[in-house]
Every structure is written in C-alpha cells, then in structure tokens.
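Structure 1 and structure 2 below are two forms of the same protein chain, each written out on its own as structure tokens.
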Structure 1
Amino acid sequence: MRSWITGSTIAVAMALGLAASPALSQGSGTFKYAEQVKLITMDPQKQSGSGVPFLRPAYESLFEKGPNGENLPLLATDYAVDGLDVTITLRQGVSFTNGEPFNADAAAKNINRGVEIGIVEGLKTVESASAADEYTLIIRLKEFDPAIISTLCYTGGMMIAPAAMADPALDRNPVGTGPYVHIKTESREGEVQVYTPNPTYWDKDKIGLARYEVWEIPDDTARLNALKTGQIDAGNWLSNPQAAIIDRTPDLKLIRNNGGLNYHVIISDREGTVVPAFADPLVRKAMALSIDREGFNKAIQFGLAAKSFQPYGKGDWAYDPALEGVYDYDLDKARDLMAQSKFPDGFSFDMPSIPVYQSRLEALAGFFKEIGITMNIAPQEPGTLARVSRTTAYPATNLVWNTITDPKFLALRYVYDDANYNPFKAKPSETLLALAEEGLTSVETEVRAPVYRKMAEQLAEEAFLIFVTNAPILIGTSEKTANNPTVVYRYGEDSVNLRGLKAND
C-alpha cells in the first residue's frame, strides 16, 4: 500500500512537473545588469552613443556578431550583395510584441526610418529599402558599402514595430521582437528598467529569465558597491580605479571584452598651415616615439589598457600584428628624428582638452616636452571636443575611436580631404587613398583584412594619427556571474547576450 502511495505520489509529482514545463520555458530568476550611462533613448534609430544594454532585451537586429566578429543571422536568415543591391531573406514566424507580423514591409519601414532620421552612421550609405516579397528585403545603396551587414548587427538593424513608430514616446515604450518585453509600470525612470519574458517570442527555449533589470548607476564607486553587495550581477566600467579594484578583488571578476576605445592624437594640420612642423613626418614620428605607452597606461588607465600603434586591438579582424611595437618608447630615437627634422629646436602648439582627458594630455605634454615640443593644453567645455575638433581652431586634437567600428569609417573620419576630422582639408597620400578605396570593394573580411592592414601600416608611416592606448570593454561581474556558463558577452558591446541567459542561482 505504502509503495503504491509512494509510486502514485511520484507519478503525480512528475505529471505536475511535466505540466509545469511550459512555464519553465518562460524562464526563472532575475539577472541585474548596471549601466554606467543614463538612459537617453530606447529608440534604436535615435541612439547615438552608449546605452545599448537598454535596447537589447526588447529589440533584435537583423544580424548579430558571432564570437569572432563574424556576421550571423538573427531576424534575417541569409543575405546576398550584388553591387548596390543587398537582398536579405527574413525569418518567418516572427511577430512584434504588439502583435504586428515581422515581414519585409516592416523591415523596410525600419531601414527607411533610420535613413530619414540619419543618426545611425552606418545607414548613411543606404538609398532606400523595399519589400521584394513578404520575406525578402531589398536595400538599395547609394555607394558600395562593405560594412552594411555589420551595420545591421547593431542599432541600424534593430527592428521596431511599424505601428509603434508613430508613438511620440517610443523612446520609453520599446516595441520589438526581442526575448523580453519592457515593463514600464515596474521600471523607474532614471533608476531601473525592467523586462519580463516575451510570451510570443519566436525562440522560446532561449528565454531563461523571469525578469531582467538594467540599472542606471553612473557613479563608478556606487556601481562597484552594488556589485560587491550583490545588488547587481554585472555592470560595465571604463578603465578607472574602480575597475582596477574589481580586477584585484578575489570574489569579483573583470571581463575584458572585444572592442573598446582607442585613444589617439590627431595631427589635423598635417600640411603645416598653422604649425609648419606638423608637415614634417620626422616630427610626427618623433612624437609617436616619445610616448611611453606602458607608463601612460599604468599611470592614467590603471594598467587596464594596452599599448596601441594602430586603430584596432588584438582579436579584431583588421588588426595587424606586424605593427606591434612600431613606435615603442625610444626617447633617443625620437630626439634623433627631431634633430634630423627642420625643427631641431622644437616648437609649440595648442591642444584642446575636456576634463576627462586632462590627465592624459598632461602626461602627453610631459612626453613631448622631452623632445622639445611644448603642448599647451586648452580646456574646453565638456561635450564640445568633437565639435571643436572638426574646426581649424586647433592644429591637433585627441579623441577615442571604437575599435569595432568598420575600418571604412577610419577613412571617412580622418583620411579623405572632406573627412569629418580633417578640418584643414589635407590631401591624403595616393597610397592611403588607394587603400581606402580598395577596402570598399568587398564585404568579405578575409578580402578586406589585408587591405586594411596595409592601410594601418601606411597610417603608421605617415604618423598623423598617433595611437596611444587601446582600452577594452570592461565588464565587472560577481563570482557567480563569472561562473555562470550561460553568460555570454556580445562581441564588441558592453552587454550580455540575453538569448539563453539564465539567472546565477
């Protein structure tokens, strides 16, 4: 009798367990991520900077990056590039959380809206998009764009429900196809955004959480304390003392993800219009050699960055290992080059600075002083450096470059005579121009990589871009998160891949 009861109980329990399995596919537990920036907008096509972790739960892009930066299908299943026409096959059986079907018409509306708004830089080569049939999207380009599929891996390829585009408050009411749905009633503006599983998600098995939260904690110390006390499971950091503390704390872990920011000096006046010495390549090379990047990294970036001599970091497809150490700190050689130049007695120039770069520039000024160059630091209002760098107000400037940005943008930013950050309209060398053009002839990274490596070598030779350090994307996690096998960081992003993510407990 007892065994019958026991057996019956087990059978009932198993039956209940099986009956409960659909609920389990909706996920369990909570994962809390902290962002270092405040939420500006949840409209992907109006998003111009950080804050992608707020978008990823609700929005999916047509493609996504694989672990090595390759383009993988997501809402799209295939693509073909034929000159200026990009044909994209879309996934079937997907719907937006407001019930609208995801099809080529919806995708075309998204691409056209992105083009019209004009904030997503990668969509600037797009003429228009249209639906060839229900699940075939055609994107017509203005010019051949090898980076178009890469653009569609990020905000440029995120799909908004067409009806939601008319909502003036779309930036706080995201409607996409993502695995999670934004819950406005449980979110607190400026503090936390809450997401729960999307009941109509096309790939339910990938929903592993009952709740996902993105916290806005801009203060680095407060974010660190939240991580230490378990209030958050992970969060992102820049190379600052708090990140260094995480790196040294036994029960925390600092993840170095692909991508990140390359800090560099730009000699804008490379034809010597205002500062004649800048026209001399020997001077520019001497400046590059005078920088003790190792010391700079330790003192300014707490040892969390890496020396840099090119726009890409190790692991990026365009990275050129041959350039490693090309301008390693060599003060004697730098002084020799200055002595050989037309400016052996040195010269002075002005460099714009915003508070966050002040210590970096003070260090660089010290290095340049050693070879007789006086760099006067000119403070600017925060938020104005990019604008002032596009003018002829200063002969040189300093900026950061996101290392996952497609190399074609390097030419658009610095090389062409009408490049954004070539205010003196300096003519590029024929070699550089030819390489920039050659890089645009294919979408395949295997074909483009050798071209951009040569371009990086040429940039090193001309030395008007002086790369200093490469700081990877830094994500601080608790020990439990570090040991959670479902936590996968998106390539080149400061966000976790939510598809398949499960809670630590």
Structure 2
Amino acid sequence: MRSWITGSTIAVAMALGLAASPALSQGSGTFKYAEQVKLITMDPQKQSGSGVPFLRPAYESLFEKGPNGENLPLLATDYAVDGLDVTITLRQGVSFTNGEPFNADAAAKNINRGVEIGIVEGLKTVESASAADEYTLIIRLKEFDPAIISTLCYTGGMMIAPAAMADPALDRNPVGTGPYVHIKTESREGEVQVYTPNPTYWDKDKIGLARYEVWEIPDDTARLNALKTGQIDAGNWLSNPQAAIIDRTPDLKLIRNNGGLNYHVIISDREGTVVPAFADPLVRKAMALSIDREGFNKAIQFGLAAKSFQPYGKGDWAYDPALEGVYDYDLDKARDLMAQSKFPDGFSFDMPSIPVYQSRLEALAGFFKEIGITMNIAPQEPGTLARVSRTTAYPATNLVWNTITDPKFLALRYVYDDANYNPFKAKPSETLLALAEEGLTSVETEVRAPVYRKMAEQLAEEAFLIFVTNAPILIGTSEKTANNPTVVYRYGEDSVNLRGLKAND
C-alpha cells in the first residue's frame, strides 16, 4: 500500500474561493432551476439516480470538484491517506441549520449511517468512521480506495445534522450546513421546492440570492416552455428534441457541461434465473450488435450524442480506442449469433422505463425485434428507475453512467455479487474480480489506466453491459443566465454551484 498527502491547503482554498473575498450583495432576487425528474428524497444517503439539484442548496459535502475535476476542500480543509486510514481535518465554526455544531463526531455519524444504509456506492469500501478529536475525522477503509476523496465530493460526503437523522420525514425536511434552507411552507409537492438564505451560514459572502427555487418539471416540452417564458432561468435536459430546439434558438443556450452520460442496457439476470436466454453470452452479444447506434443518435438523441462501446468517454484517462466499433451495427452477424445460441427462436423480457427514456426503449425494442427478441416496456414513475433497477423486479434495465465517474465504481455498481445494480447476485468472473482488485492498488492514473482498459475489454467480452451512446450533460438556459458570470455549473453535474450565485436581474 502507498500513501499520499495533500498539497497546500491554503492554495487549494484560494482556488475554491474560500479565502477572503469582496462581499457579495445579500438576499437579492430569485434564481429558478428546473429538474427533469420528480423529487424522491432529500435524504442524501438514500438518494440514487437523478435529483441532486434538490439537495445542493441545503447540504454541503466534505469536498467538492474544482473546474478541472480536482478535489477541493469545502467542509473539510485538509486530508491525508495512509493505506487504509483516511484522516480529514474539518472546517471550524460551522453549524447545521438546527443549531447543532458541525464537528468530527457529526461527520462520523454521517459516514457510518451512509455505510449502514448501503445506497451510496462510494461508501462500500468504508469500514467505519470515528472522531480522533473535535475536528479530526478518521475513516477506516476495508480496502485501499484511490477514489475515496472523490466519493466525499458528492452525496457520500454530504453532511446531515445528527438530530435530523432520526426524523422519519427527513426526505422532505433537509437539515444541513448549506447556504440555503428548505422552506416547506412555501414549497409545493410535485411542483416546486423553495429555499432561502441560511442565516447562520459560515461563509455569508457567498450567499447572493434572496430565494432559490427548484422546479419539478418531468415533461420535456413543459420544461422548454417554462424556459422560453421565463418561468425558469435554467434546467437540465437529456439529448432529445427539446434540447435540440434550445440549441438552435437565438435567445436560449444549450450548455454542454463537462462529463457525459453513457446510456446503457444492463442484463441484471445474467445467470438466467428468470430469463434463461440472458445466461447465454451469444444472446447478449447479438443484442449488442443489433443496435444501430448512429441511427439511434440521429433519430432519438438528435445528433447530440456519440455511439459508445465502453464505460468511458473519449479523452478520459481510462478510455481504450481499441474498443471503438467492437459492437458496430451488424444485423447479419447478430442474427447468426442468435442462430448459434440456445435460443434461436427468440424470447421475451420486460424492461422498466421512465417517461424521459420511453423513446429510447421504443427504438431498442425495434432493434431487438429484428433478431427475434421481444422487449416489453414497463412504465415506471419518473425518478424511480434507479431504485427499481436495484431490485429483482426486472431481468434487465437501462441507466446512464457519468463518464467522469472513477472506474472503480464499475465493480461497485455492476460486477461484485453485492453490487448495487446486480440484484440477482450473479457471480462475477474471476477475470473481472482480479481486475477490480488490481485497479485499487495505486492512485496514479497511468498505473490504473491499463487495468481499467482491460476491464472494459472483458466487459465487452461478457456483454452483460451493453453501451449505446455517450451524450454531454446538457443544461438549457435563458440568454440572461448564459451571460450571468456568477452562474457556475458543478463539474460533471447537472446542477449550479450556489456559492456566489446571483440572480440574473
């Protein structure tokens, strides 16, 4: 095992803007953001899939990503990793909005609760957390984890007030250290969540709004109309007709944020417990070959994406150019593989869908039908796809993978027998297990990259993950928002950094 220590905390803090800066105007105006999924929970340790914009106003993480994806301090000020021990120095003078102090004891309770709940994938490598002293947090790992600090930049590092953890209504009553507090009396379930300035916020100069609103608008056309009419200032989109309209409308702007969303099919029942055909690699490979990714991109994603054959995007340190085209559209070959398989006459299975993915699945169903496979689309409530995908309710599912996610999460999400999206507990191949272990032995990307390229190659061979397209994270904005210098989009996220954000007017 090796260890590493951070560089100058002061330099990093200045890069994040935590050092002394001119005071921003307080309590001025309103900024309105639209989410494309329904609000499921405001409990960050129970959050999966989309919905992070609902959490960011009220909660802060121990760290956050800088403009180039670097780990920067927020509620933490420094860290050191020595083998399986992670020592984190916490910011002093911070309190939760219920008056409780933020300290190492509170942070440890958060990490331990996240480990116990088991939804946050990045905490699966954590054994436990404890307080060494008032402002020193110790996290003990089960195994060496080169991406543990990255985990603490997101929901895994969001801090909930300890007293609020016992509140059965935490999913609608967030209590954190964030710059804004949730106003339940002014929020309307299924429509809008309202936030106003946190009067005890530790860095008041970073509060620039009197009010922040997150609107819940799952319908793409309704969200587009809200943007056109000024009901919202910005919102997130998938690559769809409405995003394409934003891209070519003069007084609107489509932001292509860093990172990307890799749309893929997951064969959850890969041992054939419910659908025996899924245990046959020839069937899975035939499915991968039957997809016309170029046509899919043009017809369904309006040219805003690119075909994909692996978990990583071009330019990523783990990306393997040798895998390009490994499952390029070849209907003749796909039919031949089906003929060679144990299921030459085809079969049927059910696939869950949320409204924003309906057109995608209709296209995939058409591709699969060409090789004798009938995919029945089972509608789900918006915002519930990730949750249902963690159960055995369906033998396959479809999700997106953020291409900036550390490759270690491939194993945590899909490979291990207790992986979040391996609900049938399929036993992973020895090759994948060995590569997953090898990928955790170094923090250096030049050492890890060849390992994860081999993992992508093995995933292609086993074909229980069928990658379809990569699309950038898309945020549609008004012209005023596009010209607002205080609007900064979080690295690899579909949300705005609220620290320093001012209203457009």
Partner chain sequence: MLRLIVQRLLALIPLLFIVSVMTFSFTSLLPSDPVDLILGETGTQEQHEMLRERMGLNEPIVVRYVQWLGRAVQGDLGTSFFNSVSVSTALMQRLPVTLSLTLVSALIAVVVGVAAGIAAALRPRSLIDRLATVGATFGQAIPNFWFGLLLVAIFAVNLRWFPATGFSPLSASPVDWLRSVTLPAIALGLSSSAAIARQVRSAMVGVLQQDYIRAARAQGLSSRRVILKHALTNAMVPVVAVLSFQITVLLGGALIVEQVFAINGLGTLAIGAVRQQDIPMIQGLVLVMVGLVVVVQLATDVIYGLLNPKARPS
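Counting starts at 1 and follows the sequence of structure 1. Throughout, rigid core stands for the largest set of C-alpha atoms superposing within 1.5 Å between the two forms. Remember, predicted model here, so these are calculated numbers, not experimental data.
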Inset, instruction - Report the structure number, 1 or 2, for the form predicted in complex with the partner chain. - result: 1
Inset, instruction - May I ask which of Cys153, Asn470, Ile207, Ala456 lies at the hinge separating the two rigid parts between structure 1 and structure 2? - result: Asn470
Legend entry - Angle through which the smaller rigid unit swings between structure 1 and structure 2, given in whole degrees: 31
Inset, instruction - Using the rigid core as the frame, report the C-alpha movement of Ala306 between structure 1 and structure 2, one decimal, in Å. - result: 3.3
Inset, instruction - Fit the two forms on their core, then tell me the C-alpha shift of Ala436 between structure 1 and structure 2 in angstrom. - result: 4.9
Legend entry - Rigid-core-fitted C-alpha displacement of Thr391 between structure 1 and structure 2 (angstrom): 12.0
